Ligand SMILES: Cc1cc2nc3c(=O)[nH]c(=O)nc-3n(C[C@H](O)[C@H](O)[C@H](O)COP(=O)(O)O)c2cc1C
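First, one chain by itself: the form predicted alone, in structure tokens.
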């Protein structure tokens, strides 16, 4: 499929690979155990009220299990979180195997070593092409006193120098 401007999905993906993004894990506590998925599109949306957002692919097998819960934690990964990101970027399997965490005030997993975390409830979910945009109300948040973010760019993980 090509748009009138000649922007194919492959060309769009190629150019977007040059745009750096932070890496985050969206986590939730379900009756069956903790759930999580990696996202590279976490953004601040509003200060008043405090709102954040992220995009999830429609092909995600995890988001349909998190969405009905209505609450989750967004964990921004630090530069040492590459292995955690890789674990949460795959479909299926035990993503929490070997990952230490503690419950947030709303009960969602806060990953050990997260650079920052945001305890959220769903505000809205909006169609966005082959993704959905999740807008979330922030109820609590925290940041580590020191550390640098894990960055993804040029198809690989990067670290700030």
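Positions refer to the first chain, counted from 1. As the structure is a computational prediction, the values presented were derived from the model and not from experiment.
Note that the form predicted in complex with the ligand isn't included here; everything after this is about it.
**Student:** Please determine whether each residue of 29, 69 and 108 possesses a non-hydrogen atom within 4.5 angstroms of the ligand in the predicted bound form.
**Tutor:** Checking in the predicted bound form: none of 29, 69 and 108 is within 4.5 Å of the ligand.
**Student:** Just to be sure I understand the contacts: of 134, 37, 120, 114, which is the one whose heavy atoms reach within 4.5 angstroms of the ligand in the predicted bound form?
**Tutor:** After the contact test, the surviving option is 37.
**Student:** Looking at the partner-bound form in the predicted bound form, is residue 61 within 4.5 Å of the ligand by any heavy atom?
**Tutor:** Yes, contact at 4.5 Å.
**Student:** Is residue 33 part of the interface with the ligand in the predicted bound form - any heavy atom within 4.5 Å?
**Tutor:** No, residue 33 is distant from the partner.
**Student:** Heavy atoms within 4.5 Å of the ligand in the predicted bound form: does residue 92 have any?
**Tutor:** Judged by the heavy-atom cut-off of 4.5 Å, residue 92 is in contact with the ligand in the predicted bound form.
**Student:** Contact with the ligand in the predicted bound form for residue 99, defined as at least one heavy atom pair within 4.5 Å: yes or no?
**Tutor:** No.
**Student:** Where does the ligand sit in the predicted bound form: which of 121-129, 99-107, 44-52, 61-69, heavy atoms within 4.5 Å?
**Tutor:** Partner-contacting stretch among the options: 61-69.
**Student:** Mind listing which residues of 9-24 have a heavy atom within 4.5 Å of the ligand in the predicted bound form?
**Tutor:** The stretch 9-24, when checked against the ligand in the predicted bound form, contributes only 23 at the 4.5 Å heavy-atom cut-off.
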